[in-house]
Structures are given as structure tokens and as C-alpha cells.
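Consider the single chain below, provided in C-alpha cells and representing the form predicted alone.
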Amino acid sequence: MIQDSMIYGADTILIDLEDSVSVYEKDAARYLVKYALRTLDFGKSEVAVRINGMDTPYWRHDISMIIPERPDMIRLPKAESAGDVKTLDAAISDLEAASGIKVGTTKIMVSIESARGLKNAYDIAVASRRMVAIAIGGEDFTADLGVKKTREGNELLVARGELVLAARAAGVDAIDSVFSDVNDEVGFRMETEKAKAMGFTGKSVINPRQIPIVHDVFKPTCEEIEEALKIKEAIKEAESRGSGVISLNGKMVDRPIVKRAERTLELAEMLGLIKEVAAC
């Protein structure tokens, strides 16, 4: 599966050393991932490796095998405190230095999977300069709450909201949980649209069939790009007048709107959508 993972157009490929690997196969899995990172070309996709949790005896061996192979990111599951991230950060720094890699190169993403972790989400998100994203692990989180994860997802509504707030406050991405039923594309699209509306910046998937839906939901629409371009022109016009007051169609454009427009254009440029606006 790893050797074909780059053909589906995922933004990030997550290689797992945790739940999908039995305790009897941890060593074999580490060697498999090590040589995959060393030999395969993953194209434009980032490569992240999910290590075992810090409440296990496996995580240090995981990173000692993986960091020298220069993955883009380490994903820490079941993060519960800033101390978890600081300990991981220090261990990665030692391995980077020993491997001739610039310290700080490897990024960290964590998964929040418990009520305790959620309550510490902001502290976790700012615990290291390596941090780029926090995600919610829906299945484990609902298990921790003692409730069942449903198609509607109401049991995760508060947790999703709090996680987005923590991520935004910390300046990192917020990534939504997986949707387990790969045959329910309608339900998956609904959940993805809800995640975007709540402020998530991405969504995890468990099947390549789900990737185009995530891209379709999260990409800016033509209308959003056109509006952002108009705001950009309004900013230039205000600057040319030496005015700090920006207006568009007779309405004031305040800082949050400017910031949202900048983010829309950044994403549109990254996805190569600016040129397509004229054809909308």
C-alpha cells in the first residue's frame, strides 16, 4: 500500500506505526517505513509518520528509526499535555543533530483523543515551534467520553468547536477526524462541509475515494476567490490614497475580512485556481 500511496493526490500521506500494527510486528513495520522513506518518491505529498503514543514503550524506538530518514512530519497520537510535545520535541532534536539534519526541520502534528487532551489543547498546540496542526481523533475521543460515534456527529460538536478555537489561537491548522463508512459518500461530504464551516482547515481520510471530496469541499469557490480579489484591489486603492480606511461596494472592509480574503487567495494560488476564475 505504501508504494502506491502517492498516486491518489493526498496533501499528506500518513504512514502508521500505531494502531494498525500489532505489538508483534512493530520492529518489522519500523524497517518497512524506514526503507520506504529512503527509497520511494512521494511526489508533492507531505509524508507524516504516526508513531506510538508516549504512554507506550515504543515511541522512542519509532523516532530513532524514522527521523534519520527525514519525514516531513511526526504525528503524535493521544497527546494529553504540553509536556508530551516538549519531550517529543527534545528527542527529535537530539536525533536530528545526530543525523546531520538541521534541528527543527521535522514538524509535529498531534491528535487529541481524550477529554484531558482537549482541555490542554491550546497549551499542546503552542508547546513547540515544530507544531503545525492539531487533529481530533473521533473514535478514541468518543470512547473516552463513553458515548458512541454517530453518523450525525453531535457527540463531537463541542469537542470540534473547542479544538478549532485552540488551533486558531495557536496559529496552527485544525484537522477533522476520519469518517469510517467509506461507502457513505453522502454522509462523508456532509461531515466534511460541516467541518469546513466550523473552521477546520483539513480532514483526515481512511480511503483514497474520500480524497477528491475533501479537495472539492475545501477549495475556495469562484465566488469566494472573486470577492477576495476585489478586496485585494480595494486595499491597493486605499493605500494609493494614503488611507487606512478600506471600502468595497460602499461597505467598510475590516481586518477580519481582509485576513479571510488573504487566506482564500493563498489557498487558491496554492491550488492553481486563480487562472480559472475568469472561466467561472
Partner chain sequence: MLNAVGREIPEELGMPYKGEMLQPSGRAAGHLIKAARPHEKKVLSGIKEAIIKSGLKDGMTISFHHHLREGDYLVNMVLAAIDELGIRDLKLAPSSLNNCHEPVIEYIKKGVITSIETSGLRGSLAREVSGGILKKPVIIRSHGGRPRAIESGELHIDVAFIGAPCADTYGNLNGVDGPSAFGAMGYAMVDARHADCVIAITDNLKKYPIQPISIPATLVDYVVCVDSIGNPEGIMSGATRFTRSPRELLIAELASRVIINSGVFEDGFSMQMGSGGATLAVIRYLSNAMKKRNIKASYGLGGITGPYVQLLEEGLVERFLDVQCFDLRAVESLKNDRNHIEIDASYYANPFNKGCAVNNLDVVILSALEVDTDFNVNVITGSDGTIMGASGGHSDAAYGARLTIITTPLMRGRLPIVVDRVQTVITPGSSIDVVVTERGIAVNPKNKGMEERLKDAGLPICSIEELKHRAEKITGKPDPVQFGDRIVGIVEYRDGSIIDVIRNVID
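Because the structure is a prediction, the values reported are computed rather than measured. Residue numbers count along the first chain shown, from 1.
Just so you know, the form predicted together with its partner chain exists too; it's not on screen, but the next bit is about it.
K.L.:
Which one, 81, 105, 114, 207, lies within 4.5 Å of its partner chain in the predicted bound form by heavy atoms?
P.N.:
Exactly one listed residue reaches within 4.5 Å, namely 207.
K.L.:
Would you check, heavy atoms only and a 4.5 Å threshold, whether residue 40 touches its partner chain in the predicted bound form?
P.N.:
Close contact exists here: in the predicted bound form, residue 40 approaches its partner chain to within 4.5 Å, heavy atoms only.
K.L.:
Report whether the minimum heavy atom distance between residue 150 and its partner chain in the predicted bound form is within 4.5 Å.
P.N.:
Because no heavy atom of residue 150 falls inside 4.5 Å of its partner chain in the predicted bound form, the answer is no.
K.L.:
Since only the chain is shown here, I'm wondering whether residue 154 would be in contact with its partner chain in the predicted bound form (any heavy atom pair within 4.5 Å).
P.N.:
Residue 154: no contact with its partner chain in the predicted bound form.
K.L.:
So in the predicted bound form, is its partner chain close enough to residue 6 to count as touching (4.5 Å, heavy atoms)?
P.N.:
Residue 6: contacts its partner chain in the predicted bound form.
K.L.:
Which one of these stretches, 62-70, 238-246, 207-215, 251-259, sits within 4.5 Å of its partner chain in the predicted bound form when only heavy atoms are counted?
P.N.:
In short, 207-215.
K.L.:
Scan 153-181 and note down the residues that get a heavy atom within 4.5 Å of its partner chain in the predicted bound form; none is a fine answer too.
P.N.:
Heavy-atom contacts to its partner chain in the predicted bound form: nothing from 153-181.
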